[in-house]
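Given as structure tokens, the chain that follows is alone and in the form predicted on its own.
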């Protein structure tokens, strides 16, 4: 554990140094990036070495305030989650070299760097916490640091509002977490996680549901997701890569950890998680389909991938409940591998969106177009990320989703309810994958192909070197994982090594299948490259004529006849109108020689609508009626306090 503490110290020292170096901007950036990279490299080496070293669980304990103990431990699950925590932040900071440029906000950028390192350290503490005190402390630090990162541009009212909504949800989630911890402490008399399994069985389901709400609000579980689109689109462009790619996985870690601590492989836990995953995945991808802002679309896409991960966890839990080791093994392994893969391709996509916004001043698909010619590196890497997140071979997303499919098919011979859920999970995964492909063909086709819709987009240029470098590295990782999946599958298998339900399962036969899959994928890529080379050879020294794109009968096509995001998604959205109410405003054509016609489509998030209708408005009306309590009379305020104390004393006695 000493290496972990050293890496935490180095990362935090670099963030603190940024506060003192804000006037020397270039030096500040170099120091923060250098120290964070050094600390993360040390932590990553420790995690990988220990994960593959098959060594015993490590622990460390420190006294805190002479009352509590801060306890830390690492097992195979926590070591696996440490990989994206240590891998992605240095890349995000390198990307920021050309994204956060020197100007009037140097001190604010320095604070931003400090909070980023604090966020990284808090995530390390969350994953390694061994008791409730340590976990709650780390969880709160993570929530507060991320809140201040979201309101970086706090002068903007909309961004401030998005930050407050995020804070409400994370603190609301923390209340459920503390309630779960209180029940555990009431029955065990200990803050130690090791005592959780000794709870009475009839209380375990209540604790799990409270924890699921708490961690689900961080991960973006439906209907606790409504903070995501505003927060990810409000934070500075490089930070959603860290928040969506890594921080949201702390919610997934919490759900898996509390399930393992309860040591209760009842099918009811699996059913809850599986249904939540299916609902979250389907809702997320449908909402992504109707969004025209790329960052908000990616936020809902994150929700979709959280759903896929939960489906994997649900299949694993279902296998554990049914004593089906193969189903449990591949469900858990697929979920963990998708955690890692999502951290890679979602970081890439958010960085691509930030690059587009930096150069064009907008993220609205309706105003973009033709960017592949202006920003070829950004466009091509974004296409790679889009293919990977759609689960298509030969990229990363395909491998992890394949494992989840494989686990689900292992459950088709179980009894009736589990069989139905397994089949339903398979159908849902297929539907989510198809819709995800539609979402990202919309983004890639309308933003990067066609012609520019505005002068600002027409003048866009490729981004700086550090931004291009990081996007190329992440795109290369998406391709490499897809082409050579065996090492990453072994890493996921090592990550679930300490889960007792699957102890002793032999996965060698599947690794042989994975090797064959890799060889098939490589053969496919070689054939594609060979065909491309053959085409080049056949056209060598031949005259190649270029002409305008076919204009569908229009002699002078303009950007006005290009598909818009709304028109592209309209037919598909209509099928899911029960999930996302759509309002269409069409001026119509009423004359032989019509004037300008307009068509507008607006979709709603049903969760947000119902929060406003059921919770926010009644609460606002109640508070408005009680405003007479606040009158400025200090004597009455003291009377309120005394009355509250008397009520509490009566309640206690």
Partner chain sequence: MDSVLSFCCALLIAPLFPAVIQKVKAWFGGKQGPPLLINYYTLLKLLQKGSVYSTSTSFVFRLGPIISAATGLMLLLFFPFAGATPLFSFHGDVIILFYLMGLGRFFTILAALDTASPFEGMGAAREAFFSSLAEPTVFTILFLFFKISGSLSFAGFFSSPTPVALTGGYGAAVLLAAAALYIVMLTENSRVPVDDPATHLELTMIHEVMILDHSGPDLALIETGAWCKLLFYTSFLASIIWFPRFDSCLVNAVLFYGVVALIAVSIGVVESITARYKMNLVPKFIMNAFALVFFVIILTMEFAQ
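Predicted model, so just to flag it, every value in this text is computed and none were measured. Positions refer to the first chain, counted from 1.
What comes next is about the form predicted in complex with the partner chain, which is not displayed.
Visitor: Please state whether every one of the three residues 401, 426 and 539 places a non-hydrogen atom within 4.5 angstroms of the partner chain in the predicted complex.
Guide: Answer is yes for this spot.
Visitor: Could you confirm whether residue 461 comes within 4.5 Å of the partner chain in the predicted complex, counting heavy atoms only?
Guide: Judged by the heavy-atom cut-off of 4.5 Å, residue 461 is well away from the partner chain in the predicted complex.
Visitor: Please check if residue 344 has a heavy atom lying within 4.5 Å of any heavy atom of the partner chain in the predicted complex.
Guide: The answer is no: residue 344 has no heavy atom within 4.5 Å of the partner chain.
Visitor: Since only the chain is shown here, I'm wondering whether residue 487 would be in contact with the partner chain in the predicted complex (any heavy atom pair within 4.5 Å).
Guide: No, residue 487 is distant from the partner.
Visitor: Using 4.5 Å between non-hydrogen atoms, is residue 581 touching the partner chain in the predicted complex?
Guide: Output for residue 581 is no: heavy atoms all beyond 4.5 Å of the partner chain.
Visitor: Note which of 456, 161, 373, 108 lies within 4.5 Å of the partner chain in the predicted complex, where distance is taken over heavy atoms; exactly one does.
Guide: The residue in contact is 373.
Visitor: Just to be sure I understand the contacts: of 277, 391, 284, 251, which is the one whose heavy atoms reach within 4.5 angstroms of the partner chain in the predicted complex?
Guide: Residue within 4.5 Å of the partner: 391.
Visitor: Taking 4.5 angstroms as the heavy atom distance cut-off, pick the stretch from 375-383, 89-97, 490-498, 232-240 that is near the partner chain in the predicted complex.
Guide: Looking at the partner contacts, the answer comes out as 375-383.
Visitor: Of 78-99, which residues get within 4.5 Å of the partner chain in the predicted complex if you count heavy atoms?
Guide: Nothing in the stretch sits within 4.5 Å of the partner.
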